[in-house]
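Okay, here we've got a single chain as C-alpha cells, the form predicted on its own, with questions on binding and movement later.
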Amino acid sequence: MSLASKVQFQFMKDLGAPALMALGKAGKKKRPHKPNPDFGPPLKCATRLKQIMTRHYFLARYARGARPVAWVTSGAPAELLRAFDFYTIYPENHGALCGAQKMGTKLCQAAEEHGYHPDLCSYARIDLGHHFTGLTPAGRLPRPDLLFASNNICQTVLYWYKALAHYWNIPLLLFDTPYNFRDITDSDISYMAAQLQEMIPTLERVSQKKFVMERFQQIVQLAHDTSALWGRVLATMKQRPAPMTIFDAFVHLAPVVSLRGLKVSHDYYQLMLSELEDRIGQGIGAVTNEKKRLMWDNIAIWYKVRDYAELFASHGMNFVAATYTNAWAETIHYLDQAQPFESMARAYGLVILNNNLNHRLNLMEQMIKDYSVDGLVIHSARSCKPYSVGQYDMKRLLMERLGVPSVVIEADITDSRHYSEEQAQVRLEAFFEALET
C-alpha cells in the first residue's frame, strides 16, 4: 500500500464523495416526479440507498493501493475479509447493475468475441466482458489484489474466477462447501471451518495486516445483526397491504450483499425498517389496490424489473416474497461470534442453492403460507442452472399441495437476447386469468 494512494483515498472519502452526493442532490431536484397511480408513495430511504451505493462505487476507483482490494462471489463469507480491511467488489452485484442499465447484452457479446460460450452464466460473461473492454455503468472498477470465491451457489464461479486469476496473475481463495443431500454433518463443518482458518496467512500477506480475533468476532456479530435486520425488513411484507414489494427488495438487497459486516449497512436497514413500520402503522401499501399477493422464485430479470413491477401492479398484484431475497436472511441465525469459524461454515454451507431440492420445496411451501401468497411466478433463468433445476417439478408439487396458480417465465438474469416478450405475455395472460377468476 502506498502513502500517496492512501492520502488520495482519504481525500476522496472525506471531500470527494460528499461533494458528489451534494451534486447528485442538486440534480435530483430538477427532475419532476411522475407518480404512478398503481403505486403508493415511493420509499424515502431509497435516496439514502443511492447515496451509499454511489459512494461505494465512487471510492472503489481510488481503493487500489490504499486498501487491499478483493473481488468476491455473493455466497462467500466476506466477514473474514473485513477483518483485514479489504475493499470488496461483488461482480454479481455489478452484473445486476449492468443488466438494469441495459448494458448486459453488450458486455456478454464482448466475452463471446473472446471465445466464451453464450450458454455461460451472463454474470460471468458480463464480468469477463468488462475485463476485456473496461465498460461499466459504475465509472471504473479497481483491479483486485485477491479473488475470493465460494461454490455454495454454483460451480461456475470457480472457473470464472480461475480465468480472472489467470489474466491478472493474482491469488484465488476458494471456500469449498459440500452439497447438502440430506443434512449437514460435523465433518462437513470441520472441513469448512478449517479452510477459513487456513486462508489467514494468505490474507495477512496480501493485506499486510495481522489477523485479530476480537475484531473478527465483532464483524461477525455486526454481519449477523445486519442480516437479521434484513430478515425483519422482508417480514414486513407479511402485512396486508404490504408496505413494499419484492421489486423494491431486489434493489434494497445491495447493502446486505456488498457491505455486509460494515456499520453503514446495519444503519441503513435500521432506517429502512423504521420507515416500513411507519407505513404499516399508517396503512400505506406499496401497491394501492393490493388484491392478490405473489411470490417470485429465482434471481430477478434485471432488465425487466420496472416493467414487471408496473405490469403486476396494474392488475392489483403485489410480490410479497421471493426465495432469492430470503436467501440473505434464511441461515443468518447460525452466525455466532463465540464460534466464528464453525458458525460461518454452517451459515454459508446451508444456503438455499447448496441445499437439497426437498429443503427448497418445503421452504417455498412455508413462505407461501407465511406471506399469504395467492400465486407463484417462477423465473427459469438460462444463466443460473443450479437455481432453475427442478422448477417445473416444484411448480407441480406446490400446485398439488396448496392449489396455488403458477407460471414459469423463461428468460435470463441480464442477457435480454434470451427473453421473448410474446411468449412471456401469453403465459402471463393465462396466469392473470387464473388468479382473477
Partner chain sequence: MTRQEYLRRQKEELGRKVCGVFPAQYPKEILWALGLAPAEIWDPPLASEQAAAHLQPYICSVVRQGLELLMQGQAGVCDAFLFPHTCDSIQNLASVVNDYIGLDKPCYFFYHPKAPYGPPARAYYLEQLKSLASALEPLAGPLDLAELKRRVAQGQEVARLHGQIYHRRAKGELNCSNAAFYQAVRQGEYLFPDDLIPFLEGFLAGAGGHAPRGQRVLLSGVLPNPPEILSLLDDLGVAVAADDFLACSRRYLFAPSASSDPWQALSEQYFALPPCSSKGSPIQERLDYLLASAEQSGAKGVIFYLVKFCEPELFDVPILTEELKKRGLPCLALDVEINQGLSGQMATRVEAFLEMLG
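Since we're looking at a predicted model, the values are computed, not measured. Positions refer to the first chain, counted from 1.
Quick note: we don't show the form predicted in complex with its partner chain, though the next part is all about it.
Taking 4.5 angstroms as the heavy atom distance cut-off, pick the stretch from 286-294, 112-120, 326-334, 226-234 that is near its partner chain in the model of the complex. Contact criterion met by 112-120 only.
Identify which of Thr133, Asn356, Gln218, Ser314 has a heavy atom within 4.5 Å of its partner chain in the model of the complex; exactly one of them does. Checking each option against its partner chain in the model of the complex, the one that comes within 4.5 Å is Asn356.
Note which of Cys154, Ala254, Val351, Ala138 lies within 4.5 Å of its partner chain in the model of the complex, where distance is taken over heavy atoms; exactly one does. Among Cys154, Ala254, Val351, Ala138, a heavy atom within 4.5 Å of its partner chain in the model of the complex occurs only for Cys154.
Quick one: does Gln195 come within 4.5 Å of its partner chain in the model of the complex, counting heavy atoms only? Yes, Gln195 sits close enough to its partner chain in the model of the complex that at least one of its heavy atoms falls within 4.5 Å.
Partner contact for Gln51 in the model of the complex: its partner chain, 4.5 angstroms, heavy atom: Residue-level check for Gln51: no, no contact with its partner chain.
Residue-level question: is Arg64 within 4.5 Å of its partner chain in the model of the complex, judged on heavy atoms? No - in the model of the complex, heavy atoms of Arg64 and its partner chain never come within 4.5 Å of each other.
Answer with yes or no whether Leu147 is in contact with its partner chain in the model of the complex, where contact means some heavy atom within 4.5 Å. Answer no; every heavy atom of Leu147 is more than 4.5 Å from its partner chain in the model of the complex.
Heavy atom contacts to its partner chain in the model of the complex at 4.5 Å, residues of 164-197 in sequence order: Contacting residues: His166, Tyr167, Leu174, Asp176, Thr177, Pro178, Tyr179, Phe181, Arg182, Ser187, Asp188, Tyr191, Ala194, Gln195.
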